[in-house]
Ligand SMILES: Cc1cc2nc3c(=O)[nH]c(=O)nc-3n(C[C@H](O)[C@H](O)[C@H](O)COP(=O)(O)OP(=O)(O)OC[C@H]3O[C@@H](n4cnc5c(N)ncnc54)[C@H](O)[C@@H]3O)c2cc1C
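Quick setup: one chain, the form predicted alone, written in structure tokens, and binding and motion questions come after.
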Amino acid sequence: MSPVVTISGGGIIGNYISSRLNSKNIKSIVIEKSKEDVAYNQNIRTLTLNPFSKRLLDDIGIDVNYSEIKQINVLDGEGTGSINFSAKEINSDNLSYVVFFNDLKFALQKKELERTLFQTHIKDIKEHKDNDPCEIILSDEKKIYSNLIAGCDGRNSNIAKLASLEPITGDYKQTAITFTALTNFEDPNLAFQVFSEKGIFAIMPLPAQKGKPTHTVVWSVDNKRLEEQTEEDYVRKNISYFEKKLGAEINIHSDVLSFNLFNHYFENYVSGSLVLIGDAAHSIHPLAGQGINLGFADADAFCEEIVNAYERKITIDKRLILKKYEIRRKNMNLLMLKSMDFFVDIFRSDNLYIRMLRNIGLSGVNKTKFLKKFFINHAVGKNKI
């Protein structure tokens, strides 16, 4: 078995890369440690895709249900500051799209089933000289010879460990809480984000489902507020605050899921034939929903470098390909991570003067067309490198 690219991790980004490369007749294979997923009980977790990420999926024929966000209202819950972002301001149809995580994952996985090895993982890698394929030894002792190994295996990447790459990590000391809800918002394409002492609260429209929940909530809460109660108890006690702030009814319609929030990144994405992509290379706070979009931007740059080299029919220099990918993506990802950390610190502060500046800043940006367009263009993925 001799694919050009061996992909560790059969999640969304790994399967996207496999599908895109194979559409260009560049052979790849996916190594996935879990069993093949055949069914799931409940759709709760969602992803927010910018138009660039959605276009990448459209280009490989992925068709799942999305909801469209045409406007986002960002509010300071402790003051009067606000920013209203609209797709019309950048002459775009939509700002973003909401999709169920399970729907997207299974659509991509189904497309790559024939090229996926389940219930195994990469145990060892033996590098060879220059551009010769490396030898990959799987946990079931099978061997693969491959030019490149893409680590798309998440935060605790096995590929990063095999390459002895050490992450730089941070703890937000927050918990992300998510659930679906029935609401009475009149505009089906409007999303809200509220920054308050009760947490960072985002509510977005779900893909249309008759008689089903209409919105998804992603709520980041400081851990100290959860020390003496469960996440669900906290939600039920505090949801009325956001109902009043938004002038709407928000009724929980699913289980309440939660996970701790950390960030991480690597000073190097590349080691020999190995490269880290998406969540394997970096993770950020979910307040702007950009984690998955950074992953798709990584995957696009990685695939572009490989496809361009093959289309030019030059000798494939895998180290050059990987270095060009790293240069394109590492600094952009780190900039986004630091930007999210800055906003988290600003909006969780109890300092009166910072709160005043926060309100002034939000309202000031809202009145400045140039700044608003800059932020929107960046969020929707137009600033491609």
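One rule holds for the numbers: they count along the sequence shown, beginning at 1. Computed from a predicted model, the values in this text were never measured in an experiment.
The form predicted in complex with the named molecule is left out here; the points below concern that form.
Does G170 reach the named molecule in the predicted bound form if we count a contact as any heavy atom within 4.5 Å?
G170 lies outside the contact set for the named molecule.
4.5 Å heavy atom contact, Y265 to the named molecule in the predicted bound form:
No, Y265 sits far enough from the named molecule in the predicted bound form that none of its heavy atoms falls within 4.5 Å.
Find out whether any non-hydrogen atom of N158 is located within 4.5 angstroms of the named molecule in the predicted bound form, and reply yes or no.
Residue-level check for N158: yes, a contact with the named molecule.
Is the gap between K33 and the named molecule in the predicted bound form 4.5 Å or less for some heavy atom pair?
K33: yes, in contact with the named molecule in the predicted bound form.
What is the one choice in R328, R45, K27, K54 with a heavy atom within 4.5 Å of the named molecule in the predicted bound form?
Contact with the named molecule in the predicted bound form is made by R45 alone.
Find the only residue in P207, P133, P213, G154 having a heavy atom within 4.5 Å of the named molecule in the predicted bound form.
It is G154 that has a heavy atom within 4.5 Å of the partner.
Of these, 119 to 127, 186 to 194, 235 to 243, 84 to 92, which stretch puts a heavy atom within 4.5 angstroms of the named molecule in the predicted bound form?
Only one stretch qualifies here: 119 to 127.
Partner contacts in the predicted bound form for 237 to 267 (non-hydrogen atom within 4.5 angstroms of the named molecule):
If the 4.5 Å heavy-atom criterion is applied to the named molecule in the predicted bound form, 237 to 267 yields only F259.
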